[in-house]
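What follows is one chain in structure tokens, specifically the form predicted on its own.
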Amino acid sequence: MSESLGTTGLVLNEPLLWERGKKGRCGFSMPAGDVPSSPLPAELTGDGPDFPDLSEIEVVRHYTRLSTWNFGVDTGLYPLGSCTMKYNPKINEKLAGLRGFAAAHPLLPSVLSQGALQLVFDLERFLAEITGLDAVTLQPAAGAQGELTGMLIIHAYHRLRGKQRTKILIPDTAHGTNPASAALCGYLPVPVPSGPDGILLPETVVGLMDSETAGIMITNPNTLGLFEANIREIARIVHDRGGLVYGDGANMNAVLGVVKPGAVGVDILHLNLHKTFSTPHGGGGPGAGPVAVRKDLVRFLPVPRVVERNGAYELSEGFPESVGRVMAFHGHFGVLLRAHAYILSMGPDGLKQVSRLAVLNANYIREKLKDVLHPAFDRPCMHECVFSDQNQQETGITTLEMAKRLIDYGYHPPTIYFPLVVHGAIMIEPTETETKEDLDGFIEAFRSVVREAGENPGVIREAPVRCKLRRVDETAAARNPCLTG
């Protein structure tokens, strides 16, 4: 390619603060105390831990230098498939920081929390409308806890019917947390193989759906970036045999405004607000995994729930068949606020355009790379495209090595080796917010990496070579991890 985003330059090393500090330095002046002084605890004096003495400029430079080592969506394209690492409008960050919301204490009485409670009440109804389901809980802290909440609801449903079941069907294209969530609730996860086109076949589900199966967890679009076109027929099969359909809505950004899961047979669905509805993703959280349900399952939703009485909002525990509380207070409120602002600012047409652009961008990358990378399936994709390493078998270059070489070109690597059903998988999700120019740069870089794999494989095997830290020994790191920083 003509010019690479990746370059060498003034990348500074940064020692530990304890190595930098010197006794007597001070970063700020303490105001005069108006209370008697008290000695530090013994463990903070003598031979115990010490704090470095630093000047103001040392502190500023320390954290500024560390920030230059970081890479995020504000830096460049972050094409992690099935993670939706997209740019989020800064206005939603600003709104989440409004003092009336950010400083509100969760133990305030309802009469002093009307704005916050109305926001929760309205957001639940927005999400119900978007999903085509009847009611929503905002409590779950992230997608995985949303899954667990869904499993608890399925368990409560069968208990109420007087016949508890023991198994849950899990497609091989599901997210990895699905079987874990089912197992945590006491169910045996039963794997369901996909068909030759990468989607589930009704006849496969028929053969596995028996009287001991409580339901199915189905990701749609699945982790291959493909829409489960047989979802209506699969839902009918599961319902006819007394089960429930749980929808993993982590990939909802591909079908916003186009498909309502409740209209195609999904009974329970979680959404990842931190992926689809404008909250920064990754770094350990916080997230939000609201769960939407059909009408006859509303009774099982976690409590307390926000209800409206005589024009006012309050938290109610009056749902005796509820699965109980799944998180303290009412979820990660700042995340909910961002999602609320995003939905209002986008509107129905804007949300639909999100999906259109996400699907367009993924298919653009697929078309531009399919002659050098082998598509996992020869068909259009949804929000993400998946390639295998089949074209690189003769060169001996692995998916991991190509991903590391992309770093030298200034791009964060895509997801690799997932989904597991694709050998040497390369999963790319560009999201809806990337421009054509940025996509073209990524495509050109990947094509250059593939060309190097055939012409100069030695360079690939040493990559990355332009980074602050060079290639590490993953095996040694896994066996002897350094956990002290």
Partner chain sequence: MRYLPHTDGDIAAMLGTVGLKELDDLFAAVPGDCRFKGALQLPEAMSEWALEELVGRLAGRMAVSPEYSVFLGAGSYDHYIPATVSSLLGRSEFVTSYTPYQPEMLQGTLQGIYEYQTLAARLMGMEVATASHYDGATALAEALLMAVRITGRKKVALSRAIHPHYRQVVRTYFAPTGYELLELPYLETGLTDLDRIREIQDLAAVAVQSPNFFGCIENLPAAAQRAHSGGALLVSGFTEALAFGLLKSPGSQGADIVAGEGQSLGIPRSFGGPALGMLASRKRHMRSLPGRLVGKTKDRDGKRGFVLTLATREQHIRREKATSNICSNNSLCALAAAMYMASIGGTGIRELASLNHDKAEYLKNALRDAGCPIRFSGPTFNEFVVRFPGGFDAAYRHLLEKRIVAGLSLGGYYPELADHGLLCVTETCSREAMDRLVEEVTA
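Numbering follows the first chain given and starts at 1. In this text, rigid core is short for the largest set of C-alphas that superpose within 1.5 Å between two forms. Computed from a predicted structure; not experimentally measured.
FYI, the form predicted in complex with its partner chain isn't displayed, but the following is about it.
Heavy atoms within 4.5 Å of its partner chain in the predicted complex map, among the stretches 208 to 216, 334 to 342, 291 to 299, 238 to 246, onto 334 to 342 alone. Between the options Val192, Leu201, Leu351, Val372, the residue in contact with its partner chain in the predicted complex by a heavy atom within 4.5 angstroms is Leu351. Though the partner is left out of this view, Phe387 does not reach within 4.5 Å of its partner chain in the predicted complex, counting heavy atoms only. At a distance threshold of 4.5 angstroms between non-hydrogen atoms, Glu432 is in contact with its partner chain in the predicted complex. Taking non-hydrogen atoms only, His158 never approaches its partner chain to within 4.5 angstroms in the predicted complex.
Among heavy atoms of Gln392, none comes within 4.5 Å of its partner chain in the predicted complex. Within 4.5 Å of its partner chain in the predicted complex, a heavy atom is found for every one of Asp53, Met85 and Val258. Along 236 to 255, one residue reaches a heavy atom to within 4.5 Å of its partner chain in the predicted complex: Ala254. Here Thr433 does not count as shifted, since its C-alpha moves by less than 2 Å between this form and the one not shown after the core is aligned. Superposition of the core reveals a Cα shift of less than 2 Å for Gly454 between this form and the one not shown.
Once you line up the core between this form and the one not shown, the Cα of Val59 ends up 2 Å or more from where it was.
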